[in-house]
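Just the one chain here, laid out as structure tokens, in the form predicted on its own.
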Amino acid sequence: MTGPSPAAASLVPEARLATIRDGRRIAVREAGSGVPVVLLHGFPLDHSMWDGQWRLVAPRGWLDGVARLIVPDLAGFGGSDGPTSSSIAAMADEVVAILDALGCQEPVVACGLSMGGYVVQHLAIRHPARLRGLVLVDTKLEADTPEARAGRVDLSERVGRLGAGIAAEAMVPRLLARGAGTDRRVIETRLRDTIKQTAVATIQTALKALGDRPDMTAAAAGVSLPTLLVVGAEDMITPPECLERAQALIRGAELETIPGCGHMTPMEDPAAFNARLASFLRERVV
């Protein structure tokens, strides 16, 4: 596993604030030119989980002159105004509003991890004309089981009593592949810090949205866009079999299982993730 190097972190662009239709200001980072690729973060994180991907559009990077990365903090997360959207479908509509605010009307490649992947699925169903491709990372099509929903309710109640730090303590140990080393500890620290900075109300609203999201397996069978599925071989939250089931349903979907990674594949092995994303974009989209 390798986290972003200091050199990679130096590539992260400054945020701009895009005002969407309802007046909320959304923090967005952009770099590169070409096909727009929107990267949507997981729960309860922000744009920084994608810090290792900016090297893709840096000079002489794999997608230099090929892709324009657009990385927002969803409403309520990171530097964006709240409240956070109360459903995954509303988050998908929010992404379209962000693109409109940026003046991006051409179809985009939507890439999302975990919660971001759920948002991408709803984009594909609700706004197919705004898309030219999908990348679903460490996520799944199925709705929560009753046990999983109960776990989200319990976590929401504990966050309400004890603060965002309890969410970090509950989640971070399960996000990364097993194993020791400096890289893992660095990534764990980054994840904990991000989660602790997330507002309690945002965490609670998003937990409810995650627990209430519908099953998307039937809808997936109707997806005809170029699709890449990526999963960490050691993902304990959405194991590889989740993406294997998705591949069986989505026509022509490609599946990449990356060894040595857990639920945060783009952070744990950015080089492998970037190489696979770049090849997909060049071969199937551009």
Ligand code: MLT
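What you see is a predicted model, and the numbers here were worked out from it, not measured in a lab. Numbers for residues come from their place in the sequence shown, where the first is 1.
The form predicted in complex with the ligand exists for this protein as well; it is not shown, and the discussion that follows is about that form.
Novice: P36, R68 and L281: each with a heavy atom within 4.5 Å of the ligand in the predicted complex?
Specialist: Not one of the three qualifies.
Novice: Contact with the ligand in the predicted complex for R152, defined as at least one heavy atom pair within 4.5 Å: yes or no?
Specialist: Yes, R152 sits close enough to the ligand in the predicted complex that at least one of its heavy atoms falls within 4.5 Å.
Novice: Examine T198 and determine whether its closest non-hydrogen atom to the ligand in the predicted complex is within 4.5 angstroms.
Specialist: T198: no contact with the ligand in the predicted complex.
Novice: Indicate whether the ligand has at least one heavy atom within 4.5 Å of a heavy atom of I237 in the predicted complex.
Specialist: Yes, I237 sits close enough to the ligand in the predicted complex that at least one of its heavy atoms falls within 4.5 Å.
Novice: Please determine whether L210 contacts the ligand in the predicted complex, using a 4.5 Å cut-off between heavy atoms.
Specialist: Although the ligand is absent here, L210 would touch it in the predicted complex, with heavy atoms inside 4.5 Å.
Novice: Any idea which of 57-65, 243-251, 26-34, 41-49 reaches within 4.5 Å of the ligand in the predicted complex, heavy atoms considered?
Specialist: In the other structure, the partner sits against 41-49.
Novice: Scan A75, V109, L113, V119 and let me know which has any heavy atom within 4.5 Å of the ligand in the predicted complex.
Specialist: By the 4.5 Å heavy-atom cutoff, the listed residue in contact is L113.
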